[in-house]
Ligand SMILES: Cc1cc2nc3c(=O)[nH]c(=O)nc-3n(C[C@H](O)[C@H](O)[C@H](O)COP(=O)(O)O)c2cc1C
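To begin, one chain is listed below as structure tokens, in the form predicted alone.
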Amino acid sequence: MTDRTPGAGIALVYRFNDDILSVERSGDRITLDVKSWRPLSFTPKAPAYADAVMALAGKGCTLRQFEAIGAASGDPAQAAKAARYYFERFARGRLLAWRIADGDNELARVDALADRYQPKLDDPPAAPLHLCRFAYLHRTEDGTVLESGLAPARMTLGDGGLHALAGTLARPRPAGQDAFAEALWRLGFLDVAAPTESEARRCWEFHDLLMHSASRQNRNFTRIGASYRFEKQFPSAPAAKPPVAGEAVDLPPVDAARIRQGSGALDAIQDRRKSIRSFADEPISLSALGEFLWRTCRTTAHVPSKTQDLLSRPYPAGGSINELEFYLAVSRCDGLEPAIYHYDSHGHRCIRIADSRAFAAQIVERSANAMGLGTGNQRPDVTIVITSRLPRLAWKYEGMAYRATLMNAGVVYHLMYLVATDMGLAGCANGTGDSRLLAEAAGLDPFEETAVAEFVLALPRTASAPS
């Protein structure tokens, strides 16, 4: 690789990152004082290689400069091999960072988010370079940042970097005509306009890869998990959702002993479990709906805590936070008027949301569409809309709150299928839904609570078929 810096003299500069507190040299032995770790000492094979490694301290050096310093050993080819060796070893411990510099002017700084990450060393393509379809620009507390679901690195752009990026994106050029574009390509943020992708890679959409990469420990130097990052800033939202205004409808009492005596064996229920999209002409009863909700969604315990109050329900939930809430879009139910209801899981009752009948009909129709029901098919009686009070999860879990709430909703789906099967009801999970309908009907702030899943319920036709 050679440094291509036509025009403005832009270069990609390698340096030790800020976790390296000091770099000391005694003879040819180098010692790196690494933050939160033991000192790392090693002796390069040649004094010139030690000189090259020392050049990574402070402002750093380009790859070409590193190789030139090492070439003082008398063997340029071996110096190039040594450069790749040391960069690979330093990248393994995430000890490197980078700058894109135009002379003394720093356009951007780049930090690795995972060990083993380093820029590409092969020659860039001859075609014009465009923004990779997995890359995105956003604001953080540190400034304007360029990231990608594909590259575990974060680029923080200064004013000059933003100007250079705008020029690169406005007029894509080959690396030989745009040194800034070449640097971004090496870092993993640019690609050719129509890259050669495998069939598997083509199936990944931007948002899928972003959530997958960002919410797992694939980027093992970002904070993921129970950090309680807001504990000293503001209290967690209450475990029990504040009461919903509206008319309360008490659900019939549930006989737990009868359920225990009459329920089928788990393996038999699992064997019979299926999605049912063919519904009976008669509506579901209020007692059946109430039993279903009691068995799947009720709150069984409220556990106060100085840190964050917790809840228990019939299903497992991450951290026992139980951020999920349940709303019923009722089209038909013997004992309930068509409307949207909030299920009060603490009092086992439904709270009717005023002026919501039209919204309930729209939600049920969206469920029918999601299940592929034709115009002549009976619509489901009830669509249970599962919402997430995401801030309760995010107050504790950093980097993975939305992933966790979807996993929790998946657990609820499974329980709902088993209970519906045991009760002889027709249940079916929806693959998608419109969160805006419930938000408008119930007056929800989407940042406080938003719909994430839907599950329909009704009585089955006798000859219903499995999905």
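Residue numbers here begin at 1 and follow the sequence given. None of these values were measured; they are calculated from a predicted model.
Below: the form predicted together with the ligand, not depicted.
Comment: 269-277 is the region of 269-277, 292-300, 183-191, 377-385 lying near the ligand in the model of the complex, near meaning a non-hydrogen atom within 4.5 Å.
At a distance threshold of 4.5 angstroms between non-hydrogen atoms, residue 420 is out of contact with the ligand in the model of the complex. Taking the partner from elsewhere, residue 71 is found to have every heavy atom lying beyond 4.5 Å of the ligand in the model of the complex. None of the heavy atoms of residue 157 is located within 4.5 Å of the ligand in the model of the complex. The ligand in the model of the complex is approached by residue 370, whose closest heavy atom lies within 4.5 angstroms of it. Taking 404, 429, 437, 426 one by one, only a single residue has any non-hydrogen atom within 4.5 Å of the ligand in the model of the complex, and it is 429.
Taking the ligand as positioned in the model of the complex, none of the residues of 16-48 brings a heavy atom within 4.5 Å of it.
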